[in-house]
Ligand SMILES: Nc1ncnc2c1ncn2[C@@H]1O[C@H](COP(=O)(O)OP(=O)(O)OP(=O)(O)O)[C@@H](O)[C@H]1O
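A single chain, nothing else alongside it, follows as structure tokens in the form predicted alone.
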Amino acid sequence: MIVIELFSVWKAYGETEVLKNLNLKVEEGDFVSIRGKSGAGKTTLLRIIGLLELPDKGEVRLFGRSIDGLKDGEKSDIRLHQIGFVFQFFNLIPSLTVLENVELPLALAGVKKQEGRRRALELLEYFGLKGLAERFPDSLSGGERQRIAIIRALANRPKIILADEPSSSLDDENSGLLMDLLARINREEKVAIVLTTTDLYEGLPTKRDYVLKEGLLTEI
């Protein structure tokens, strides 16, 4: 099953063309990297896939369905239930415990509190982080915070995870742990992952790799 399809997508900000005639297909269970320098358009590409921005031209299809004409409520529903987002700077809520942060997307999806807590604890235990459940984000290392952010992205059992430079603020050891976690999720949960990185040469556990340069996407 193809979960993401982009056909001849263009995007510009003013006179600057960020994406040019971009084509991409991602299948269920794929693990794809988009490599490129800062400002190359990687975040813009993920925002278009994640229904946070629209392309100027071209077509975007998710799960075989064109996004043209989708209402805001339909887009929000897809983002909440089908797409997990992982950001460069974690975006954990500091006033909530680790457990409450993982529970949050479940609560937003209308899952009952008891069931949401069970699911959140199950995820933390499965990935060996249950011991952090009652701690607050500020007491965690950067690597721990990012791993919790990834677990939170899994809460509603998405079919796609979009990870925007998730290792850029981590040291080599924590970056390796993060990539091991993403590889495990991809392998065991069959979740399609699209990950961006500024490192053109980093060895990643991906199945396909692309470079985004001057608006053009090239497979390597």
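A residue's number is simply how far along the shown sequence it sits, counting from 1. In this text, all values refer to a predicted model and were calculated from it rather than measured experimentally.
What comes next is about the form predicted together with the ligand, which is not displayed.
Name the stretch, out of 187 to 195, 32 to 40, 154 to 162, 65 to 73, where some heavy atom lies within 4.5 Å of the ligand in the model of the complex. Contact-bearing stretch, as computed: 32 to 40.
Counting any non-hydrogen atom inside 4.5 Å, which residue from 204, 18, 211, 24 sits next to the ligand in the model of the complex? It is 18.
With the cut-off set at 4.5 Å between non-hydrogen atoms, does residue 97 touch the ligand in the model of the complex? Residue 97: no, not in contact with the ligand in the model of the complex.
Distance check, residue 13 to the ligand in the model of the complex, heavy atom within 4.5 Å: Result yes; residue 13 sits at the interface with the ligand in the model of the complex.
Is there a heavy atom of residue 174 lying 4.5 Å or less from a heavy atom of the ligand in the model of the complex? Residue-level check for residue 174: no, no contact with the ligand.
Quick one: does residue 88 come within 4.5 Å of the ligand in the model of the complex, counting heavy atoms only? Yes - in the model of the complex, heavy atoms of residue 88 and the ligand come within 4.5 Å of each other.
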